[in-house]
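Below you'll find only one chain, the form predicted alone, shown as structure tokens.
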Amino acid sequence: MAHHVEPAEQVDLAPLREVLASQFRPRDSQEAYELIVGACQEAQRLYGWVPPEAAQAIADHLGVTINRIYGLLTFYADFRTEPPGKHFLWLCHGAACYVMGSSRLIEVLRERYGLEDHGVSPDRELTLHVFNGCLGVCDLAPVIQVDHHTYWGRLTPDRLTAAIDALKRGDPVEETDGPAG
């Protein structure tokens, strides 16, 4: 489980340095470039995002520039360069969800919670990722996966806001069955 580091919190780089030393030992500069993505994935796994201190530690360890690190961090949509919110929302925007109203849900998330795609709400409670593919639960359209395991389906704007408000209060939220298996 990732330890979420707040911006003002000191980042403990020891676990990252240990992983870098044991698993990321490039033989030359070409191999160092090839290891950047994996090293950044390890940092994100450890911290929930890639803090600037971790990016610098990766650059130093691999002998590459910090610009090279940030070039990759900003190129790949899955990397976070800001700490994530407490809860992660993965909104499906595939064909079935789009037809069933996912665009309206995106508007509600923007207007009511200040959330943009790949963004964190101002209160740091929510992180949103709009997935333009398919989550594979089209019978639940429109659907949001919450915290990588719970599915909220057949959402309307009212059901979405009620579920998010309950989530933020720490109240139980009724889950819609997700994919089988």
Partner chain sequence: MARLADRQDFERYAAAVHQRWERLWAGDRWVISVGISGCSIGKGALETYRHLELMLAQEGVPATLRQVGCAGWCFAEPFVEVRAPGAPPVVYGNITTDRVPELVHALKRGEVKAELALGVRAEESFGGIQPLSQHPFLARQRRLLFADAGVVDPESIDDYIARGGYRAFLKALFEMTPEEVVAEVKASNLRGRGGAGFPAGIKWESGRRTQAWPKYVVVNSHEGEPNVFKDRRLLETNPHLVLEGLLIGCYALETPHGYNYIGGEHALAVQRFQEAVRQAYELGLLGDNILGTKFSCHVRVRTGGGAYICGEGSALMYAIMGQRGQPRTKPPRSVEEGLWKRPTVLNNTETFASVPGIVRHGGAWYASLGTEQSTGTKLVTIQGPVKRVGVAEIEMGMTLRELIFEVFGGMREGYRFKGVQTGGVSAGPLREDQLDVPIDFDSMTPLGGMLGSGGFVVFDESVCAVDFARYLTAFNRFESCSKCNPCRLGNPALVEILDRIRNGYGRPQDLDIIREGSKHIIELSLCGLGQVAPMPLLGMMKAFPEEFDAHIREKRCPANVCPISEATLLAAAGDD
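Residue numbers count along the first chain shown, from 1. Treat the numbers as computed from the prediction; the structure is a model and nothing was measured.
Keep in mind that the form predicted in complex with the partner chain is not shown, yet the notes after this line are about it.
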{"query": "4.5 Å heavy atom contact, residue 80 to the partner chain in the predicted bound form", "finding": "no"}
{"query": "is_contact(residue 154, the partner chain) in the predicted bound form, heavy atom dist at most 4.5 Å", "finding": "yes"}
{"query": "The partner chain contact in the predicted bound form: residue 49, any heavy atom under 4.5 Å", "finding": "no"}
{"query": "Contact test in the predicted bound form: residue 88 vs the partner chain, heavy atoms, 4.5 Å", "finding": "no"}
{"query": "Contact residue in the predicted bound form, chosen from 120, 146, 138, 55 - any heavy atom within 4.5 Å of the partner chain", "finding": "138"}
{"query": "Members of 63 to 102 lying within 4.5 angstroms of the partner chain, judged by heavy atom, in the predicted bound form", "finding": "68, 71, 72, 74, 75, 76, 77, 78, 90, 93, 94, 95, 96, 98, 99, 100"}
